[in-house]
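The chain that follows stands alone, in the form predicted alone, written as structure tokens.
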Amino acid sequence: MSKICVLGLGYIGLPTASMLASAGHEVVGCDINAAIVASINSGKSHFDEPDLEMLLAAAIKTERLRAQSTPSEADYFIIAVPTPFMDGKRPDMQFVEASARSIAPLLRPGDTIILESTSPVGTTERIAAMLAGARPDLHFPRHTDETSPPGHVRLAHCPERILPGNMVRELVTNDRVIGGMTEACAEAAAKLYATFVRGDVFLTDCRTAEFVKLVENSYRDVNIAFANELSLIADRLDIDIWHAIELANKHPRVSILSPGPGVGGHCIAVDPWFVVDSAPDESRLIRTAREINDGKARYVFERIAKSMHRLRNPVVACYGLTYKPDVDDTRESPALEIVQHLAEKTDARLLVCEPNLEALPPGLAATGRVELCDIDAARIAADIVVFLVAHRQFRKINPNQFLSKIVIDTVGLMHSPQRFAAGMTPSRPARMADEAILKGTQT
């Protein structure tokens, strides 16, 4: 078992630290937020995630995990801090760089540094160069040099692949990609992950691993953008987009995703911009997808604002604030962006129903314009109802209760099959003929 220092105890760092402790390692978790450190040391997570609190409490009780504000010497350092973007959609690497500087004085020959934070291509190499400048007494690997001088510090990139709401299970079962500065670096990192990962572990170089993570999220973003663009076209043509997608997906090689009010979360809404920033002339499709998904929230806001014009003193009830169903995470949430715009740019009375939050996010609460209320109270009071997130509590709602309301449904909660949706079953002779044709093509 190894001594591990995890820098950043957020949505990735805390589950990872807890899992490593449960695997028998001695783990020190570091975070600059004193409240988070205190909460973790008391055995309580600072965000909701199934099974995490049980895992954390066990790690704290067995003293295999402790949290503090500064890093300690370790065999492995895992950097799991945020990588947001700055104005102009450029990656902001200040937290990663600060983490690297903080561990530089602690490094010893044989240590391994693993970057889990999603990062632009070349970040692992830049960290190595930064540390080499800070610690000229140590040898650091070069990406183009497979030689491993004695006593060098190993560096690798292992991007996270876990889904909020299912983090603990996916930490164990998901395949992992590990990219080393050299092959020896990748193997050193893989040795650690092998102590708890049951999925396959694939080794590559650090630049490829960094790119793979960005590709994964860009792929998802492009496919969501296609669905969101279809929803805009369907609105223009007066077509039920949910029914149209449902039928299109009957094709054996078509699998269109569901549209929504935009794209949120710290990954899909952010990471494609890292690709655009690195190769702006070549990433035209990725940029367009990001613009479509960013623009969908503005489109929904404009639809709501337009519907207010026919009402005097309208009451608008918005169902959902988080970035996806059944989580308490509001990072980059299009639902939150829409409600924030309504609070700042309209005079409507605003009600919000969000079963996963006990209080409004600070920025929204600061407007003084929004009331948090339950499902039924919002429905009774509202003139306009906006469905923004398909939480499980909302999926139980009876659509007939909203017949007297103006409803703007961005997630398909009110959808019901229509216009010949019952379908037809081929007659027995037709089925037999089909089977005969198939058999003929197989011989």
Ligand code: SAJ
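Keep in mind that what you see is a predicted model, and the values were worked out from it rather than measured. Just count from 1 along the sequence shown to find any residue number.
There is another form of this protein, the form predicted together with the ligand, and it is not shown here; the text below is about that form.
Practice item. Counting only non-hydrogen atoms, choose the one of 354-362, 134-142, 220-228, 307-315 that falls within 4.5 Å of the ligand in the predicted complex. Key: Going by heavy atoms within 4.5 Å, the stretch is 220-228.
**Study point:** Distance check, Arg161 to the ligand in the predicted complex, heavy atom within 4.5 Å
**Key:** Result yes; Arg161 sits at the interface with the ligand in the predicted complex.
**Study point:** is_contact(Glu210, the ligand) in the predicted complex, heavy atom dist at most 4.5 Å
**Key:** So Glu210 does not count as contacting the ligand.
Review point. Taking heavy atoms only, is Leu106 within 4.5 angstroms of the ligand in the predicted complex?
Key: Taking the distances in the predicted complex, the answer for Leu106 is no, it never comes within 4.5 Å of the ligand.
Practice item. Mark Ile239 yes when one of its heavy atoms lies within 4.5 Å of a heavy atom of the ligand in the predicted complex, and no otherwise. Key: Looking in the predicted complex, residue contacts with the ligand do not include Ile239, since no heavy atom lies within 4.5 Å.
Practice item. Given the ligand in the predicted complex, answer whether the residues Glu53, Thr62 and Phe196 all have a heavy atom inside 4.5 Å of it. Key: Negative, none of the three is within 4.5 Å.
Practice item. Let me know the one among Leu115, Cys206, Val339, Val263 whose heavy atoms come within 4.5 Å of the ligand in the predicted complex, would you? Key: If I apply the 4.5 Å criterion carefully, the residue I get is Val263.
**Study point:** Candidate from Val254, Leu257, Leu285, Leu247 lying within 4.5 Å of the ligand in the predicted complex - any heavy atom
**Key:** Only one option qualifies, and that one is Leu257.
Exercise for review: Let me know which residues along 267-291 have a heavy atom within 4.5 Å of the ligand in the predicted complex, or say none if there are none.
Suggested key: In sequence order, Cys267, Ile268, Asp271 come within 4.5 Å of the partner.
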